[in-house]
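One chain comes next, on its own, written as structure tokens: the form predicted on its own.
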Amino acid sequence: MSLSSQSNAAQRGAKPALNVAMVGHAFMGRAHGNAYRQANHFFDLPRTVVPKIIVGRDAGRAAAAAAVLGFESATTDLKAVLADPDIHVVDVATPNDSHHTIAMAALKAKKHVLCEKPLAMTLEQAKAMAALARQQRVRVGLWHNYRRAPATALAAKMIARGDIGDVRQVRAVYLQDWLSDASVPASWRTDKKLCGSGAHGDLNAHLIDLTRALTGLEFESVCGVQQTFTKARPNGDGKGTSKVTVDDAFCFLAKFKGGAIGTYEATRVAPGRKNHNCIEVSGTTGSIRWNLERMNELEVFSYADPRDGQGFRTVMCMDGVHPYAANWWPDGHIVGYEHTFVHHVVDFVTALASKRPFAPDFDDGVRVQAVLEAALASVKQGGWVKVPK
């Protein structure tokens, strides 16, 4: 540790610093940056999380982002950041096409890595990232933050302890409407070379991970259908148009190991739906349903309830007995989208210190990527495709 780092650690207290370099600073960078600022304020962590430096392509924009997001400095020199022994964690908060390149460089520098989802552009890239993480013996995590809402964490606990019996079916939808209007400009999210796929990789990736986190089920085979409704969009500069090379909507059926089945729908052209991320799990003795737009609530049905009192009941997952909730506000005072990122940081830092497993890691990212690619292959082949092991 350098003299300056020792001084900073002393100023912050006895806990050692965990210095974070974040690559990228747009939408996801704002969410991640807020999490790094808040984690130590609300949770008693073994290390002090320090938003140290932002890495961007433009020096001016990166410096402005650092000032707003609470990072100590900014740079355009990623190589220098990776060579700095005082940087402990590299956060990849960039568009999909750069995840592999940045993460691999960080892993080679033996940095811990947090990466936005989906993990990579291809299954082979994802496998390489996971393999290098294991080889370098560093800790890695994937930003599937919806695992860490108090309600979804409770749902996973309830399903694991058998509250709804054996899982039979999963119904999952992620509906947005921001591309419903054909005049919305093209962006990296509508270019296959930059993002890999459209609603599929953007939204179905969350549903796939959430299914695995809640149920423990593994996908066996899938059968998909996709559609691009708007074939070209105006360029952001107002000059000409660009071809849309990804899906607007993607649906697929799933078979799980063990006999359960599932249905999945992701779309960015569902008028009126802003961020409708909803999953329902049906078992032999009950069901559980969660919707991000009502993220503090968990709908639960159980045949164990008295016959004359059966029906879905709503559990407000914001009491001190619920996951993460005791660290925030008094019972019943709700948390929001941004808090799921804080919980992600908290669990990652805790796992680092305790040397316990952290999920989702890059191996989980590989499993998600395998399902995504199998579904894409099924569209081309026109039938069921087995998910690679």
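Only a predicted model underlies this, so the values are computations on that prediction, with no experimental measurement involved. Quick note: we count residues from 1 along the sequence shown, nothing fancier.
This protein has a second form, the form predicted together with a small molecule, left out of what is shown; the following refers to that one.
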{"query": "Which of 328 to 336, 37 to 45, 22 to 30, 356 to 364 sits within 4.5 Å of the small molecule in the predicted bound form, heavy atom basis", "finding": "22 to 30"}
{"query": "Listed residue (190, 145, 215, 267) with a non-hydrogen atom within 4.5 angstroms of the small molecule in the predicted bound form", "finding": "145"}
{"query": "Listed residue (246, 81, 93, 130) with a non-hydrogen atom within 4.5 angstroms of the small molecule in the predicted bound form", "finding": "93"}
{"query": "Distance check, residue 141 to the small molecule in the predicted bound form, heavy atom within 4.5 Å", "finding": "no"}
{"query": "Close approach of residue 153 to the small molecule in the predicted bound form, 4.5 Å, heavy atom", "finding": "no"}
{"query": "Contact flag, residue 348 vs the small molecule in the predicted bound form, heavy atom cut 4.5 Å", "finding": "no"}
{"query": "Residue contact check: residue 118 to the small molecule in the predicted bound form, 4.5 Å heavy atom", "finding": "yes"}
{"query": "All of 276, 313 and 315 within 4.5 Å of the small molecule in the predicted bound form, heavy atom check", "finding": "no"}
